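We begin with a single chain expressed as structure tokens, specifically the form predicted on its own.
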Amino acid sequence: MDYEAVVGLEIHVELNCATKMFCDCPNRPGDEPNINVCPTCLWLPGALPRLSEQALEKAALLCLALGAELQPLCAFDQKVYYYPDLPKGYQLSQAHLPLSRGGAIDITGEDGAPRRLRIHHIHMEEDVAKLVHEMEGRTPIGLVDFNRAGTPLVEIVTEPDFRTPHEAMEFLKALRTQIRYGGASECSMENGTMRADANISIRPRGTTQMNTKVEVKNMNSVRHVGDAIAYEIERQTASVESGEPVVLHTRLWDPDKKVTSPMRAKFEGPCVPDPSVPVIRLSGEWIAEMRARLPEMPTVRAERLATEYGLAPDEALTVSADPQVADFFEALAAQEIEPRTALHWLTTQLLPAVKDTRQELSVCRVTPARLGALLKMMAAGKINANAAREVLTRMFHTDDTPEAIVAAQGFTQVSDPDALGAMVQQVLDEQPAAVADYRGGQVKALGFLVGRVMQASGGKANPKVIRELLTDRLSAAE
């Protein structure tokens, strides 16, 4: 029998607020353990939560960025469960009256056809503490770090619209882009500011029944989500075909072994209204104000970049996928840098270097103004492309101007035909076979000769002038 998957996602996104959701403690979960704590986020008896206005605004912007409808009334509930990372015995979440409902993400399916994947609702909640398991001698111990307790989160709950791992992965990529544009979160799965759970079931293809699902929790990369879904489809299919029922439970993904493993039985504790946080009423004026704060979104920006700068549609989509990259490109092009040159240097030189040096584009030393100055020197013929790449590498480690680096390192390009003529002639004299090949119709031999002259000049010669000199001399009578 042919089966198809029915998959829904639950995505937790950490909001980039300055403080925690219900107190004024710094929102820096990675600090030294248990230094950003107070009676409220330690959940001590008698300490009352006070909702952060910034958390509400960030959450609202996230919802609007995903096309969701903010609800005029939302409220917090006590989601009860018992575990060491939540010693008060419940988590403040929004089970009954979430912040928003609806929304969707458009992707392209594996067959090239458009797919709209729907969001059921988005709600706010506080994060729990972090458990740290260590060994003290031969004794295993469990420690609790409360720095993360109370971190402002939103949970995005989708409809069960996904049928393939590809759809889930493309959804997460597009979701991440939309949220980043809204400015509510960095959505870094690697750094833990975005985590995904997948609820996976299978059914005979062509039917509409909903069967028992299995939840795979806390995946921290897009690839892991796709791999886990693919594995679960195979595992559940094998179980059903062998006559074993699929049991409702929670599993974990092991990225090294590329398998899921049982974690625990599925637990659904009671969820009751919380009396300590007032009901939140959102006026139409406030919602309109939040909507007005949204920037130009990626799809619209891609269309504008294609029109305004002459980029191909796929190039415009690639640039627009990250707001930092798109901002950098436009700032670079605004310096009268030819758009395709700006795009080429940004995507093939700068971004790989940023990744290699483990920096962030928005805070690295190579600003649009500095890269623009370098590209202007190259366009003016003061340096060649090889020298420009060397200068760019050095710009990551110094605040000197590109002009100062060129002068200090002796990278100035030699363009004087008289100064290059002797080198050109020497190479022609030393490479008679290549000369014969060119004159015999092998045009590629010219590139070889250009390279030999560049080598003789220590990389300082102007390739355009070299090519012209070589062409003139090779075209002359022997």
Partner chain sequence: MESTFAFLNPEPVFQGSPHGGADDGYLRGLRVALQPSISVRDWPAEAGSVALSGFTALEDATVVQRLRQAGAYLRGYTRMSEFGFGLGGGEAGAALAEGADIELVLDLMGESRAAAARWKVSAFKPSYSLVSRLGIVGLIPSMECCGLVAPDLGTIRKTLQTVAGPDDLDFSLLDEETPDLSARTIDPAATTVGLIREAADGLSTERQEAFHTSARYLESRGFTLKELSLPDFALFSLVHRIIGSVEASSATGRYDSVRYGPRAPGARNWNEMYLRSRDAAFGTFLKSFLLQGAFFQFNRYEAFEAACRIRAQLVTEMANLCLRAEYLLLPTPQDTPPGPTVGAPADRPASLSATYAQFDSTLFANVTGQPALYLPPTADGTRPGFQLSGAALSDGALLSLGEHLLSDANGEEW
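Numbering follows the first chain given and starts at 1. All values derive from a computational prediction rather than experimental measurement.
The form predicted in complex with its partner chain exists for this protein as well; it is not shown, and the discussion that follows is about that form.
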Hey, in the predicted bound form, is L51 touching its partner chain, heavy atoms inside 4.5 Å? yes
Does the 4.5 Å heavy atom contact test between P270 and its partner chain in the predicted bound form come out positive? yes
When the contact criterion is heavy atoms within 4.5 Å, does R365 count as touching its partner chain in the predicted bound form? no
So in the predicted bound form, does K88 come within 4.5 Å of its partner chain, heavy atom to heavy atom? yes
Exactly one listed stretch (249-257, 106-114, 73-81, 155-163) reaches within 4.5 angstroms of its partner chain in the predicted bound form by non-hydrogen atoms, and it is 73-81
In the predicted bound form, the residue from Q359, S188, S276, T307 that sits within 4.5 Å of its partner chain by heavy atoms: S276
Considering non-hydrogen atoms and a 4.5 Å limit, which listed residue (I35, A422, A436, L44) is close to its partner chain in the predicted bound form? L44
Could you list which residues of 100-135 come within 4.5 Å of its partner chain in the predicted bound form, counting heavy atoms only? none
